[in-house]
Each structure stands twice: as C-alpha cells, then as structure tokens.
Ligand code: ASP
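This document opens with one chain alone, in structure tokens, the form predicted on its own.
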C-alpha cells in the first residue's frame, strides 16, 4: 500500500466538472488500495476576488465585499448541488459554507470600520478560498463513497508569524502530523487539506505566498513520508517552454529536482519555486499531471531525472522585472559595497532574481520585480549616501523595460560550448544581451534582454532546445 499526496490547483477544483475529475482520480487510487492525502487550492479566480474585496473593505465599499460573498456562496453552493444529492451531507456542507462566509463578512466589516488593512487580516481573508473549496471537495468525495474529511491546514502546518510569506516550523508541524493526521489516515480517512495556508502557534492564519499550495503539497508529502507527490494541474506536465510564446512546446517526460527548481524560479508557472525543498532530502518523486487528461503520464521529477541526449531542456522567461545598476569608479577595490546594497534591497522587502558584475568592479547589476524597484533604489541611495556624496558611486539606475530569459538543462554541465551556442543564437538574431549570469552548478544560463525581444529570444533558444533533444 502506497501513500500518495495529491495537490489540485485552482482550475482542477474550478467547478462541478473539474471536481468530478478529482473525485474519479482519488477514487481510482483508493480502489487500488492506496492511502491518499489531498491538498486543494481555492477555486480558480477566487483568491483574486478575495484580494479585491480587501481593497473594497479598506475603501469603505461595503457593497463590494458583500457582493463578493454572494457570488462565492452562489458558486460553491451551485457546485455542491450538482455533485452532492439532497440530504444531510449537502445540508451540513451548506451550513459550513454559510458559516465561513459570515466570518468573512464580519472581518471585512471590521476592516471597513478601521479603514486600514494589515498583512494578518489579508491572510485571514484570502484563506477563505481554500477553506470553502476543501469543504466542497470533501463532500463530493463522501457522496461518491470515499470516506473523507476537510481540514484547515493550520491544524497541522505551523509557521512563523511572517504573514503573506510564512516559513514552516518543521518540528512542530511534524509533531502535529504524527499526532492527528497520520491517525486519520490509519482509520481509512482521505483528508482534504487547504493548500496555501498555515497558522502560527497562537492560531493566527498565515499564508505561504501566492501559489503556495504546491509548497503545501510538498510539506505534507514529506511529513507523511509519502511514496510520491502528484501535482494535478491544467497542463500535461513540465514543458520545454511557454506554449503561449511558442506553440511547438512539448512535455518533458523526466526532469531533475535541480532543473525544475531553476525552471520554477525563472518563470515556469507549473510549480511553486519552493516545492522541491521539502521532498528533496527524502527523495520523494514528484509527478506533474493534467486533471483533465488523467491518462497522460505527465512529467516525473526526481533527483537525477533520466539520462538524455538533451543539453538544453527548456527555456523560460520572467516579465515585469527591473534592472538596477550601481556604478562608479570609486567602487574599485572597496569592500562591502555589494553586501550593503543587497542588505538595503532586503530591507526594502525585495528579493533579488539575478546578479551580474563587471570584472573591473566599476559596476554591478541585479534584478527585482517591477513593483519593488523604486523602493529598492531609495533604500540603496540611503544606505550608500556617503559614497554617493563623495562620487565613489556615480549613480543607481533603474531600467524597467527588460525581461529575464533562462536556458535550463542538467546536460549543460560539463558540455563545452553551450554558453557560446546560446549567445551565438542571440547575436545571429540581433538580440542585445544586457547582462548574463550562470551559477556554479552550470544547470542554467540566465540573461537579460529588452522586453521587445522576449518572444524572438525564447523562440530562437527553443529551436536550440528542440535541436539538442533530437540529437
């Protein structure tokens, strides 16, 4: 008997037809004698609706969040009506939905009275998406004959109190899983657990960051020593590039943990960047599969992937980024400039996506998301005010019409000339490369180009990936 953790994304629980697919997938595994842990996202679009309602509450727009409550009630109850026959189970779940939405409305009322929002309040409000969907999915499974129960993840997953991007407390979470979740599994229950959210030790709801349900799936897979983690989504697996940019994109049958980590970090939407971390040490394989095409095998992710002739496996891109450049002749040989710059960046609440430095030490550049760039610049100029006044540092520039392109593939390691081929392709197609970065692992090469060159750069590099795959 295997233990399988399954995470279903927003489109996979987006309505009656999608949840019917979820029910059949779970039933199939249960009938095969396996134990199943289910992690669910909010229904597609619900998190955005809830975030918008927070803003409505702050601005005093009571109609805005009351309208959201009505729409959420209608959507979840309509789904329930189509999946669960009349009777006690349906009525009990209706009552749960009503209770949750009444709580949601009360919090929004309080925000309106205060006229301000906090990260803690925002976490509490957006968590209602997963809390609602988990009740509906659990009821649908029960109606189909699968013994199941809905759980808020905070019953098991304890975190620090950094709202909107909480970090799990691993030992405390493991203890909760041992004491409460594993006994439920032993009793034949299929738990339906809210993704994306956790709780502090004092019981306040936290979230793991946008898209964090994948991360939740990995946390529960590791804590329960699952035999495998399956990320059920609306695509057939990890693809060689974004099919919206190049229709020739194809599914990769095997990817290593390291490769998928690079792909996720540098723009591939199929996995949250932190997903690999909890399962890595335990060597739990991850599958990425399509809820709407469940017979397709998808992509298998494991430590070494699979031997292949492919050198470059995939090409990703990140939009909505800004390039900050710190430059000045007085920086040469002065220790600590970069460290203080990056500390100032952290103090501005920004994460650095990529770093590049000239060998002369006269300048270095790095990338952050568009929304943080101005705050980062202000923070750097404050931290390095003395050096700027002495003209050791001449300027801190922002360039915001850029994107990051990344070529990923473990086969690049130890293969001579890969970087040369990549940049020859850029040069042959008259695409100017603004900055370059390659990690010591040699699993990826990242570079910055003008936003106007994104599609051409991706397509031409994808040519190289498809060519190397055919070797």
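Since the structure is predicted, the reported quantities are computational estimates derived from the model, not experimental observations. Residue numbers count along the first chain shown, from 1.
Quick note: we don't show the form predicted together with the named molecule, though the next part is all about it.
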I'd like to check something about residue 257: if you look in the predicted bound form, is any of its heavy atoms closer than or equal to 4.5 Å to a heavy atom of the named molecule? no
I'd like to know if residue 212 sits close to the named molecule in the predicted bound form, meaning any non-hydrogen atom pair within 4.5 angstroms. yes
Against the named molecule in the predicted bound form, would residue 156 count as a contact residue? Criterion: heavy atoms within 4.5 Å. no
In the predicted bound form, does residue 446 have a heavy atom within 4.5 Å of the named molecule? no
Partner-facing stretch of 399 to 407, 426 to 434, 56 to 64, 40 to 48, counted where any non-hydrogen atom is within 4.5 angstroms of the named molecule in the predicted bound form: 40 to 48
State the residue from 128, 366, 220, 196 whose non-hydrogen atoms include one within 4.5 Å of the named molecule in the predicted bound form. 196
